[in-house]
Structure formats: C-alpha cells, structure tokens
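Consider the single chain below, provided in structure tokens and representing the form predicted on its own.
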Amino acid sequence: MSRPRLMIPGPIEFTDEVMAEMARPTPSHVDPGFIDIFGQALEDLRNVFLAGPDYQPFILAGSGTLAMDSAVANLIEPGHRALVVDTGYFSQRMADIVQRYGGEVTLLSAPPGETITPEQLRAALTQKTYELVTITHVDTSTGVLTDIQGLTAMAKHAGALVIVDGVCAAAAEELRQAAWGVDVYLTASQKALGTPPGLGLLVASPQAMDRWRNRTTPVGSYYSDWGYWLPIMKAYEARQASYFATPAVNLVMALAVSLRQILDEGMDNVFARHVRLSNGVKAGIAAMGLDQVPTDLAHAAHTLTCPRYPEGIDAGFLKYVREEGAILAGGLHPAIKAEYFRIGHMGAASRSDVLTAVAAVEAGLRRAGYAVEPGLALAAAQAELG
C-alpha cells in the first residue's frame, strides 16, 4: 500500500517540483542565482496577496508564530490599545503576543464555532479608541472563517491599523490586501503556500510601515525588528546581496517555485478550487451524519473541515483512518479538544486527495463501530466535486 496522504491543516502535501528544490545543493545566500530567486519570491508574494506595488513583503526564517510576533512587535508600543477578534486558539495567541509587547488587549470573543460580524466589531470599536485590530482569517483550531473585508472596513473607519493572521488561509481563502485595506497580512510556508515548514511571511502596507517608522520606543524584539530586515528585503528585491541573518536558502528556493505555481494557476482560480474541494469534503461529512464545529457553513473555512465525532467515537478512530490511507489531525481548541477532528484540504490538495480522505474517514468510522453505509459519503463528495 502507498503511504497515507497527509491531510492535516499543515504541513500539507507538497508538489514534486517544490520538493526537488529542497534536494538541490544549497548555494550561498549571496550567490547571484539565489539573489534573483529571493527577489522574485518577494515580488510574487506581494502578487499572491494581491497587495499594491508599494506594499512591503518580508520573508523570514521562522514559523507562523514568528510572523505574528514580527507584525505585533513592530506596530505595538507600550500602552497602545489592541482589539483582538477572537475566534479560537490562535486569536488568543495573538492577544498574548500583544500583551508581551506592552499592549492593552480587549478580546472580542466568539464561542467556539461562532464568528464575529462586522456589526459586532463596529459596536466594540465605539467603546474605546484602538491603535490596532487583529483578526484571524481562519482559526486552525475551530475552522471558523472571518469576514476580512467587512471587519477590516470597520476597523479602518475607526482609525485602527489591521493585522490579519492568514496562516491557515493565505493562498487559499479570498484575500485582496490592497483593495480591502489590510495593513499586515501574515502566514507560514507550510500551509496553502505549499512549502515545507520554516518560513514566516508577511506583507505590510505603506500605512503600517509609516506607523513603524514613527515609533517613539524601540522595537522590543531584536530578531523581528523591521529595522534590520527592511534593508535586506529591499536589497534582494533590487537583485543585490545583503546580510542580517542567513536566510533559509533551500526553503526560499522552494517557496519561489510554489509561488510561481500559484500565480500560474491564477488567484481567482485558486480561491475557487479551494471552495470546490471544501464543498466536497463537507458534503461527505454531512452524508455520514456528522456535525461540524463551525455553526454555519457560511463561516466555515475552505482550507480545513472540523467534523465532530459521532456518539461513542473518539480520537482513537484516527488510527483506523491512517490505515485506510489518510493522516488527519485531532482537535486543538482547549474547550472542545476531545469533541472533533480536523481534515486539511489546501495548497496542492487535489480532487483525488479529498476523495481519499473522505473514503478513509468513512472506512475508519465503520471500523470504530459507527454505522455508515459504504460509499455513501464518497458519492456525496463526488457529486460536489463533479
């Protein structure tokens, strides 16, 4: 039997072309060929986020948490107020980071599975003045999708900068950074961007860069300080060598390949493909009689699906799913961790990957003692996928 497909919400399965870059001999970080690759990756990242030409991309060696840290460290000063739109575990992590840098946090929290509407945010913004609003595009712990366009519009109207955590959304969920006014959009390499773990990525608006330049206190993090990284990014994009800390050379080369694959597909096509794959998975889950953590499909992510276990079934059934051909993830949100599991379907995920995952869940549930008609879920998924 072939190896099981990795269908968790990151890391994901990567294309052969991306993995080939990881196996190439590592060039110097100031090799002319690598300088050109890094510069092109910066330009392509801006285009994947649909940001303007005056938006500043950063590609850092680190995780998605580093990207979160970088955004907050550079834009928050002690005493600044931040409103954190809280839709799950990673929203709360953002709140922790803001507090670490001296920000005063107000949480606008939704129960697990619920979202925050633009109207709710507007009401919260009338209570205080905030320098910053943070939003999680898709919280990996709940599978909840937020209305980035609507929430950003409310925050900007109130005069706040907006940071969006797009770790489980970028290059999959619709995001138009310049048109929607998002000041910092951030992500990690191992999700829908389709590159192995190890890169934190963010793109900052001119307004965000102005806020950083006009700080009255030093940035609290040495490694995350844009003062060190901005000259490096500018140099590589101008196809010149520069150095602050050694970049993750092979990861940057792999990222450049993945970004080009994404742009060759076309962003509107990428967004539509993720909707189609998500609909297929969710149709299969519904056919098996399973509920989901998001309380309404209107705010359910297209990058992952979070089904609830049926009565009498727990995380032990995931070992059967693996034996049937798919590796899935257990629950993450502390309040409901034992109640659900997670299926990732983003990046290079294909129709066959989705059908493999649905079939594996169906077979795994039967082996765990849950009565489900053979082929029912697969037929429902196929009907959605066409």
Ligand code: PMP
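Start at 1 and count along the sequence shown; that's the residue number. Here the structure is a predicted model, which means the values were calculated and not measured.
As for the form predicted in complex with the ligand, it is not shown, yet the points below apply to it.
Between the options Tyr236, Tyr130, Tyr309, Phe90, the residue in contact with the ligand in the model of the complex by a heavy atom within 4.5 angstroms is Phe90. The listed set Ala188, Ile163, Leu83, Ala172 contains one residue whose heavy atoms approach the ligand in the model of the complex to within 4.5 Å, identified as Ala188.
Taken together, the three residues Gly284, Met288 and Leu365 all stay farther than 4.5 Å from the ligand in the model of the complex, as judged by their closest heavy atom. The chain is drawn here without the ligand; in the model of the complex, the stretch among 238 to 246, 212 to 220, 163 to 171, 120 to 128 whose residues come within 4.5 Å of it by any heavy atom is 163 to 171. When the ligand is considered in the model of the complex, Thr136 lines it closely, a heavy atom lying within 4.5 Å. In the model of the complex, the ligand sits within 4.5 Å of a heavy atom belonging to Gly64. In the model of the complex, the ligand lies farther than 4.5 Å from every heavy atom of Leu328. Remark: Asn74 does not count among the residues lining the ligand in the model of the complex, judged by a heavy atom distance of 4.5 Å or less.
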